[in-house]
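Take a look at this single chain in structure tokens; it is the form predicted on its own.
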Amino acid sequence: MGLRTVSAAEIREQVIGAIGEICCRPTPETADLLRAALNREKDELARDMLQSILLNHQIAAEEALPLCQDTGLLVVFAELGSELLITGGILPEIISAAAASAWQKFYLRDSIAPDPLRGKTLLPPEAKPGSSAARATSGLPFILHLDQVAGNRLTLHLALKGGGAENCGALQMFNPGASLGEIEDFIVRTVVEAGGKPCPPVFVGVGIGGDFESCAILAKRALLLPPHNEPDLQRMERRLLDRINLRGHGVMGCAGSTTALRVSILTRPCHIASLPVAVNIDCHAHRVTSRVI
């Protein structure tokens, strides 16, 4: 395996295509989990809401319309091969420009506040999608987590993360002597107490270990990556899913037996004096995808 080059233009087109895919189409797994929830649901109100969610997914895909009016904040986990050379730009600027183009191309809502204390959105009120002011925007703020790996490929894991679900996340620095039961209670309580705010049924990402900031990143990463095959964590995931659905408030926080569709856990080593645990929640739209370039 030798040195390989990839152009900024190719990365840009892949990012635009990925955003166009996930803004209006659920992942196959999401659709399957929602249909399975509908098939086992007994509550009529919950069944009606699940049917409406699935119908919304169908119409969004057929009409190329956003799944949700909250078109989200772009989050990217990038794995850059050590033998890959990007020509024509640097990765953060390439993705930022691609996101700005995608927001115009697919008529996505401007939801990004560059100044968080003043709450102003990126574009002035007159800068509607497709306007000259919007076209003049050279980049859109987004979140990038960049790792260097072996090989000559670039792997991008992308998500459009809505504000409602994001606001329901939590992190707790446990005493290292905390029991597994205490940790699970915190995870279940975080999801259950969120009620209908994250638009359940939800996906739950859990990070355990690392330090304060890396634990939160781990929880978000858990939402994007394929399922792992660690038996102990798989058993914990199933146990947490059962507990959340037993105690939770159901579809949209109103009714039924399905509050969560999946729980995913990632862990990493941590200092002996601390035990961070983070929970990150994603709504039923679960707009995620991956690209290998």
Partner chain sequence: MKIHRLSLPLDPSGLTELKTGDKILLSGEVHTARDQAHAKFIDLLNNGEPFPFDLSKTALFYCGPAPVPPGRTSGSLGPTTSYRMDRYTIPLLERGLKVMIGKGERSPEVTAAIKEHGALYLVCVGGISALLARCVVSRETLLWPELGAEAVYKLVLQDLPCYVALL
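Every value quoted in this text rests on a predicted model; they were computed, and no experiment measured them. Numbering follows the first chain given and starts at 1.
From this point on, the text means the form predicted together with the partner chain, which you will not see here.
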Using heavy atoms and a 4.5 Å limit, would one call residue 27 a contact residue for the partner chain in the predicted complex?
no
Using a 4.5 Å heavy atom cut-off, state whether residue 44 contacts the partner chain in the predicted complex.
yes
Does residue 108 reach the partner chain in the predicted complex, with heavy atoms at most 4.5 Å apart?
yes
Does the partner chain get within 4.5 angstroms of any non-hydrogen atom of residue 48 in the predicted complex?
yes
With the partner chain left out here, work out from 146-154, 173-181, 187-195, 83-91 which stretch has heavy atoms within 4.5 Å of it in the predicted complex.
187-195
Could you spot which one of 246, 65, 225, 36 gets a heavy atom to within 4.5 Å of the partner chain in the predicted complex?
65
Consider the chain as shown here, without its partner, and state which of 252, 265, 260, 240 has a heavy atom within 4.5 Å of the partner chain in the predicted complex.
252
Indicate whether the candidate residues 59, 118 and 199 are all in contact with the partner chain in the predicted complex, with contact defined as any heavy atom within 4.5 Å.
yes
